[in-house]
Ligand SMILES: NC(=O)c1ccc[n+]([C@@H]2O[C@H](COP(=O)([O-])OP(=O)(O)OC[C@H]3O[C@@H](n4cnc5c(N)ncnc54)[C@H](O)[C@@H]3O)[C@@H](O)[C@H]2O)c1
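Consider the single chain below, provided in structure tokens and representing the form predicted alone.
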């Protein structure tokens, strides 16, 4: 896609961070923008910034882990602008620890926010894009963590890997059916100066921190410290919007903010090819 003016962009998790950066870049290119977030203050901030740019914007404050809210987001876009040209499933969260220590609600929360909500997005928005028949783009925001493994934040790695694979499979499914008007993209950023380490501030009621001992554990507390330290070393958020729209312009499928992440993927693939244990 080369021309963005007056086309329609939808972004989930756009109240801050990468989602906000993508929404603002689209607005600067003259797009009409639909933004979602679970955080009303963040969503209002993004809306105000887009209004200052001077393009139309509508918002949805809703928990995107619920399918009915994703369907409602599509309806909001169609009711206001009549179509969707670019959809970005960006909403994501993290919590540290191995699966045997994580509370079940956190396993569900991370799975639904990072992967299931993105799949809901493809389910609803790709149908609309196929019906439209015009030039469209769909992006899932995964992570560099979807290209490698580690001992920490196991659910984050697992769900972000699933994002990458689901995007790859969907690309092949579209291609096999001769559907050529939709380009698929998966963004795999490494450390960017976002607020992902503050995910707990945006928990829905059903995943609220409770009296489970995990939330007072050394693993939980130290994991939060590690995440904050990592984010603080990240690249400026302002560059990510440009990276994403360059990918749309050049039809790049895999979109990286840190090319060095490929070496981690290479090491993992070599272990698989050699039937070696992870390491």
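Positions refer to the first chain, counted from 1. Source: prediction; values computed, not measured.
The following text describes the form predicted in complex with the ligand, which does not appear among the structures shown.
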query: Option touching the ligand, based on a heavy atom within 4.5 Å in the predicted bound form, out of 73, 147, 141, 84; finding: 141
query: Exercise: residue 161 in contact with the ligand in the predicted bound form, heavy atom 4.5 Å; finding: no
query: Proximity of residue 10 to the ligand in the predicted bound form, heavy atoms at 4.5 Å; finding: no
query: The ligand contact at residue 202 in the predicted bound form, heavy atom, 4.5 Å; finding: yes
query: Exercise: residue 195 in contact with the ligand in the predicted bound form, heavy atom 4.5 Å; finding: yes
query: Which of 25-33, 64-72, 212-220, 49-57 sits within 4.5 Å of the ligand in the predicted bound form, heavy atom basis; finding: 64-72
query: In the predicted bound form, residues of 78-111 near the ligand [heavy atom within 4.5 Å]; finding: 90, 91, 92, 93
